[in-house]
Ligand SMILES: Cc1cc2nc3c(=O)[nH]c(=O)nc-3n(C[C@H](O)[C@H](O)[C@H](O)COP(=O)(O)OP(=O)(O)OC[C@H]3O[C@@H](n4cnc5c(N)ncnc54)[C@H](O)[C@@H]3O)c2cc1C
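As a starting point, one isolated chain is supplied in structure tokens, in the form predicted alone.
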Amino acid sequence: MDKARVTIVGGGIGGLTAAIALAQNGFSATVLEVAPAFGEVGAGLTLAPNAMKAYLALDMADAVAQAGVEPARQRIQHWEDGRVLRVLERGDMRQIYGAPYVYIHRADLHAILVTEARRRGVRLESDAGVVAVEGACAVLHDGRRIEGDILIGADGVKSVVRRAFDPAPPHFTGHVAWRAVVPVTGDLADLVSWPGMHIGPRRMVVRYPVRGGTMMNTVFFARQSGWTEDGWSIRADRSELDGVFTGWAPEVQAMIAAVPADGLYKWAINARQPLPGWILDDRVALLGDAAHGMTPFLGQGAACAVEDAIVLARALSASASVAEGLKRYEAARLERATFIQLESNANADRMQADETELFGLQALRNEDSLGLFHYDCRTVPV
């Protein structure tokens, strides 16, 4: 088909990756971002080999890997005494899967994507909050109308575009999380060389290095009721962690002690139920969390979004019409994304069960055992 004009609602990781992939395939891409400027919050994320294959497709993998950290291994530890329950090897990812396993600061990845999008001629519009969708036209908060041939909703778990598919809001999953990026001092050096998690009854602590190992991304999870506010920038007090994680291993206490007084943020983990389809009127489609908002307990949220991005661009490029391209995209992605969405939710129960001592002895359903790393968005049939 003639190269269509694509409007992408949402300038996060998935939306920008999609814009770059579309531009690479000759499409005209516009990204609409609600924030006053293109930027990201200070948190880390995981790009497993299946995600990094997307950046290999865009000739960006080296830049992304260099900005991140490739761990040699991970360990899962007992909440109370810190004993190792399981070791996961990560140093052989390039050899096994043809792509690295990378930890990266979200803001660093976002900056790389913004630079690349501009280099490839993507139109980036900030302060462009979308309040309604009329066909493939995005109606902005200031009354402007952005017309295009295709509209992609990549605007996160609270997606405005998704409302046209499903008016229900995201649901609270029963999990609350606190995040902080902490400087690595002597007390934390071993944890940086051994990233991973502590697991315990109804709670879990995840940590991994970013920015060359000079900083450590920490996330503290707990099952809680009574507080359901979702947002990346809600301040929290360190005393909350002291109370929730009383009695946890000394390494966990060291992480809590390292949290800056003004650097702790709290959010309720909201997610979405799977949709039966991601296409509306043959011109509108969903991508990333807007399509399959999931819990973070498989570390595959960002990976699914960037997989979507590459497959979307490939499907449209291979098709004679917009309708055909979107249907190919949905057919290639819906089953996998829904599977990961459901497995991620179930993994929270497995990893925070009452008998965590058994975790390392039972059959583990994680990204390795589920075979998620083998997926290749560059070659999957569209």
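Don't overthink the numbering: it's just position in the shown sequence, from 1. Because the structure is predicted, anything quoted here is derived from the model rather than measured.
The same protein also has a form predicted together with the named molecule, omitted here; what follows describes it.
This chain appears without its partner; in the predicted complex, the one residue of Met351, Ala332, Val34, Ala65 with a heavy atom within 4.5 Å of the named molecule is Val34.
The contact with the named molecule in the predicted complex, taken as any heavy atom within 4.5 Å, belongs to Val219 out of Val219, Ile279, Met197, Ile146. Here the chain stands alone, but in the predicted complex its contact with the named molecule, taken as any heavy atom within 4.5 Å, falls in 295-303 among 271-279, 295-303, 85-93, 164-172. Put simply, Ala128 is close to the named molecule in the predicted complex: some heavy atom of it is within 4.5 Å. Although the partner is absent here, Leu45 sits close enough that one of its heavy atoms falls within 4.5 Å of the named molecule in the predicted complex.
At the 4.5 Å threshold, heavy atoms of Asp289 reach the named molecule in the predicted complex. Although the partner is absent here, Leu191 lies well away from the named molecule in the predicted complex, with no heavy atom inside 4.5 Å. In the predicted complex, the named molecule lies within 4.5 angstroms of at least one heavy atom of each of the following residues of 8-34: Val9, Gly10, Gly11, Gly12, Ile13, Gly14, Gly15, Leu32, Glu33, Val34, in sequence order.
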